[in-house]
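What follows is a single chain, given as structure tokens, in the form predicted on its own.
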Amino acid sequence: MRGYLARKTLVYGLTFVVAVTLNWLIPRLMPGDPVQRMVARAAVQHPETIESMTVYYERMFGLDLPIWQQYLNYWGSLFRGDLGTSVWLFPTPVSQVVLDAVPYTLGIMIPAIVLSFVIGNTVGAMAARSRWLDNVALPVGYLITAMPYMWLAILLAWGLGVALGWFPVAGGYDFGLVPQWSWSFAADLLHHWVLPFLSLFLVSLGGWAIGMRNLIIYELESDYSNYLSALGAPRRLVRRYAFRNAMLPQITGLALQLGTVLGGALVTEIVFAYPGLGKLVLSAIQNQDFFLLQGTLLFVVIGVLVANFVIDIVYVLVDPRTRTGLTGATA
């Protein structure tokens, strides 16, 4: 087990280094100059003042240094927990801007992932042994899982928001409210949360249901299921073993789907102007804010890597074959 954890830690560590390097490099390949953007926003006309402001901002952001030194300084600041200062929201630190947006993204992602995984696998397992449910769940699952997150978000915004008027279609809460710990604000927050959550939940739900339905059918037709049935084992016991074995590929699929779901969450937030990381990425690109963009993407990278690492550990704990293989490798 120690060797397995050491290998996984090394792999994820190297992945983190590569991801952080790309995270630092990609914003600098974008067109535009954030310093000139700040100077232009100040609406200064005097040439000497413009030059002084340009020199000041370049020195403050470290953009006057050679590119290799900027890269090393970025790693040094990263280890100190300093993500820099936002150009768009100057002089607010990037870490503060990102931390304000993270709860909104996690608030729609975590419930959507957990509920779609649990409900989707349950419905898929039931559809594998119920003809009428299979006839309903399978086509509906194929339909919703084939929809892009952004398209489904637009349909929900139009249908449930504009046409029926049941839910608001923009923002994380009413623009006339001030965030506070109160029941009225929590209710309004929940009201704005429903549509972004449904967009992620429904697309993921169909995929898990279809996958589990197919896996259960495969497991029920496998040799060990036929052998148990020939021995006179209760049908319920055979289905229980089939469900347990079918869950293992689904756990692997969960790790593979995290990046897709996160990308869907970012796009969904843009559609609903939801104040999460997706809206921050769009605002950072629009305002040529290198530091906010790389800070936001850094949180995304860390979140995906940590979640995948946890799932790798969970897989070892739930799959006895993996534990046996690790023990044999150690021996």
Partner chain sequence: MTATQPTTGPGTEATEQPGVTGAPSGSRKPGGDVRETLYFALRNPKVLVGGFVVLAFLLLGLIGPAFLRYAPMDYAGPPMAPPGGDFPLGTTTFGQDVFAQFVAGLRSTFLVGVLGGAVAAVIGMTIGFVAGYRGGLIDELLNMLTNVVLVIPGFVVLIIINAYLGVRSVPMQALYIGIFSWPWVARAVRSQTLSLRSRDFIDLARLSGVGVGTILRREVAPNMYSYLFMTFVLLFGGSILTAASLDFIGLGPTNAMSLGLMMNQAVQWSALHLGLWWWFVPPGLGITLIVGSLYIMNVGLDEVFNPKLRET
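Numbering follows the first chain given and starts at 1. Since the structure is predicted, the reported quantities are computational estimates derived from the model, not experimental observations.
We do not show the form predicted together with its partner chain, though everything after this point is about it.
Contact with its partner chain in the model of the complex holds for all three of 256, 262 and 271, each having a heavy atom within 4.5 Å. Residue in contact with its partner chain in the model of the complex (any heavy atom within 4.5 Å), chosen from 89, 154, 198, 133: 154. A heavy atom within 4.5 Å of its partner chain in the model of the complex is found for exactly one of 40, 26, 65, 55: 26.
Proximity of residue 179 to its partner chain in the model of the complex falls outside the 4.5 Å heavy atom cutoff. Of the heavy atoms in residue 211, some are within 4.5 Å of its partner chain in the model of the complex. Interface membership of residue 220, defined by any non-hydrogen atom within 4.5 Å of its partner chain in the model of the complex, is ruled out. In the model of the complex, its partner chain sits within 4.5 Å of a heavy atom belonging to residue 148. Heavy atoms closer than or equal to 4.5 Å to its partner chain in the model of the complex belong, across 263-301, to the residues 263, 266, 267, 270, 271, 281, 282, 285, 290, 293, 294, 297, 300, 301, ordered by sequence position.
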